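Next up: just one chain, as structure tokens, the form predicted alone.
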């Protein structure tokens, strides 16, 4: 499947950091890379030198044989030991800075729940739930709670800092302070089933003013259908099995097994970022979900073409 320009390497690179947490982790990684490179070059140079200096020469005497050199042995053991100790304490210091203790009375700014195979985002202070496209404000130290609904998942957006396991029955957390607006990409980093590779993450970082406007728009009720085709699609959605798995704010659809579809058409992507939201992609998904995303838990319904067009029209109207 082609991502059609939706996946930008720069947006998902550990070298394109956009938070102090990622910057601290990157500093440790770069320091280790420098040390490892230096060690590799030293070993390579010594290997070449020893092979040339002590090689046997035709007709010449046997190279001098030496054994035991206390100073050299102490250096060979001591220098690596000092390096390991240095990186050990540097890593501890970085862990403390990146993951400070969570105050007991601190409510998470957003709760991310991993499902097979999509992401649920809940904003407790605003009583908003959405899916797959995670909106966050820049310039704020955010507490992100991480949960799993079924199996172990792993949240990782390289540009924003550490990755963290999401374990059923356990709540982990991350602190994130995003320094600049933009779209940051990541993915589930723990094998979680057939569609693990397509469990993408899209974090949309916004200026506080834009973020507040987004919260207001998400809290609003989707507009009522404006034409007969959309109205038919709304009726099908509510009376078929769709409403038992999905939620749409302000309607009788209150299912929790599938993604919340409130303002669905206002998102740029669908199916955890592997396709753009468009009528054609919605129609093909409803026609045969397993052909589009094999292993997804969306069942294949036996709808006629007219019903599929009506459902597509309704979902496309949810902005």
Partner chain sequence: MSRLEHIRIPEPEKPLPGLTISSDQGLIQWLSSVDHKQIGIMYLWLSVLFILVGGIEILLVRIQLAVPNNHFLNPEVFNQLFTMHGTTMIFFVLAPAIFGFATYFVPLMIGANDMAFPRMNAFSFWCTLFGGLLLYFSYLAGGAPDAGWFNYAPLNQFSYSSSPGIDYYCSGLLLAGIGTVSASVNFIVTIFRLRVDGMGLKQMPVFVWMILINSFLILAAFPSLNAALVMLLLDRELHAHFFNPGNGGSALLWQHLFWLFGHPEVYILILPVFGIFSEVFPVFSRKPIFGYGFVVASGVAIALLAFGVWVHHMFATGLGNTVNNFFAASSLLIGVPTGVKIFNWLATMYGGSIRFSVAMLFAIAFLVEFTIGGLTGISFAIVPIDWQLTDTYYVVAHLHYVFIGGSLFGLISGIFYWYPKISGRMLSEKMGRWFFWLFVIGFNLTFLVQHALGAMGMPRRVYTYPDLPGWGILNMISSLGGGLMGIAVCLLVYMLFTSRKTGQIAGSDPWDANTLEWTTTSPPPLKNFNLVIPVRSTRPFRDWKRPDDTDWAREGVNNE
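Each form is matched to the other, and the largest set of C-alpha atoms that superpose within 1.5 Å is called the rigid core. Positions refer to the first chain, counted from 1. All figures in this text were calculated on a predicted structure; none of them were measured in a lab.
Only in words, not in the display: the form predicted together with its partner chain, which the text now covers.
Enquirer: Quick one: find which of 204 to 212, 236 to 244, 102 to 110, 149 to 157 has residues within 4.5 Å of its partner chain in the predicted complex by heavy atom distance.
Expert: Result for this chain: 149 to 157.
Enquirer: My question is simply whether residue 36 lines the interface with its partner chain in the predicted complex - judged by any non-hydrogen atom within 4.5 Å.
Expert: Answer yes; at least one heavy atom of residue 36 falls within 4.5 Å of its partner chain in the predicted complex.
Enquirer: May I ask you to state whether residue 200 is within 4.5 Å of its partner chain in the predicted complex, using heavy atom distances?
Expert: Answer yes; at least one heavy atom of residue 200 falls within 4.5 Å of its partner chain in the predicted complex.
Enquirer: Indicate whether its partner chain has at least one heavy atom within 4.5 Å of a heavy atom of residue 226 in the predicted complex.
Expert: Because no heavy atom of residue 226 falls inside 4.5 Å of its partner chain in the predicted complex, the answer is no.
Enquirer: State yes or no: in the predicted complex, is some non-hydrogen atom of residue 252 no more than 4.5 angstroms from a non-hydrogen atom of its partner chain?
Expert: No.
Enquirer: Tell me whether 32, 76 and 92, taken together, all sit within 4.5 Å of its partner chain in the predicted complex, counting heavy atoms only.
Expert: Yes, because 32, 76 and 92 each have a heavy atom that approaches its partner chain to within 4.5 Å in the predicted complex.
Enquirer: Considering 136, 185, 128, 143, which brings a non-hydrogen atom within 4.5 Å of its partner chain in the predicted complex?
Expert: If I apply the 4.5 Å criterion carefully, the residue I get is 185.
Enquirer: Where, within 273 to 296, is there a heavy atom within 4.5 Å of its partner chain in the predicted complex? Residue list please.
Expert: Residue within 4.5 Å: 294 only.
Enquirer: Answer yes if the CA of residue 70 moves 2 Å or more between this form and the one not shown after aligning the rigid core, and no otherwise.
Expert: Yes: residue 70 shifts by at least 2 Å between this form and the one not shown.
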